[in-house]
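Heads up, the chain below is alone and in the form predicted alone; it's given as structure tokens.
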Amino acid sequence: MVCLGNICRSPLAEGILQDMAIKAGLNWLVDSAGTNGYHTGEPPHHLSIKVAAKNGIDISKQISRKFTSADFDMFDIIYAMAEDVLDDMKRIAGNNFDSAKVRLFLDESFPGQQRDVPDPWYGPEKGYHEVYEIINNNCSNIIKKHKTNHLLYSV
């Protein structure tokens, strides 16, 4: 999954989907990135780490990285957490952009509705819990839909 800074939404999505994939016996490589690169090399936001930990998932060792056009060569499916992120991905990837590999994250739960995962960056802890629930529910749908595929997921 790809978000803006790779410190709030996409690290949660990476941790949740990887945890679910392991529990489902799936050998998926799950990764995350951000389009703006402002936080490259940093751990996830402390509230993302806290909320994940409260739900039994450790994302504290993740390190933010910038999304690159090479991600289209590395992964089978790439989820954008929001429309503006998708626009950034198109700009960054240029001619390497592969629309067949990209989906809006919430399209798995709300097909065709083009819903964004809200960015909790400036808000209180409550927003991180809400985002966790949104991501968790959608990751369940991803597992159900793709559990027979041996794909490489970028979150």
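In this text, residue numbers run from 1 along the sequence as written. Remember, predicted model here, so these are calculated numbers, not experimental data.
Omitted here: the form predicted together with a small molecule. The next part is about that form.
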| item | value |
| --- | --- |
| Among 52-60, 36-44, 106-114, 86-94, the region lying within 4.5 Å of the small molecule in the model of the complex by heavy atom distance | 36-44 |
| 4.5 angstroms heavy atom contact with the small molecule in the model of the complex for Met1 | no |
| Proximity of Asp119 to the small molecule in the model of the complex, heavy atoms at 4.5 Å | yes |
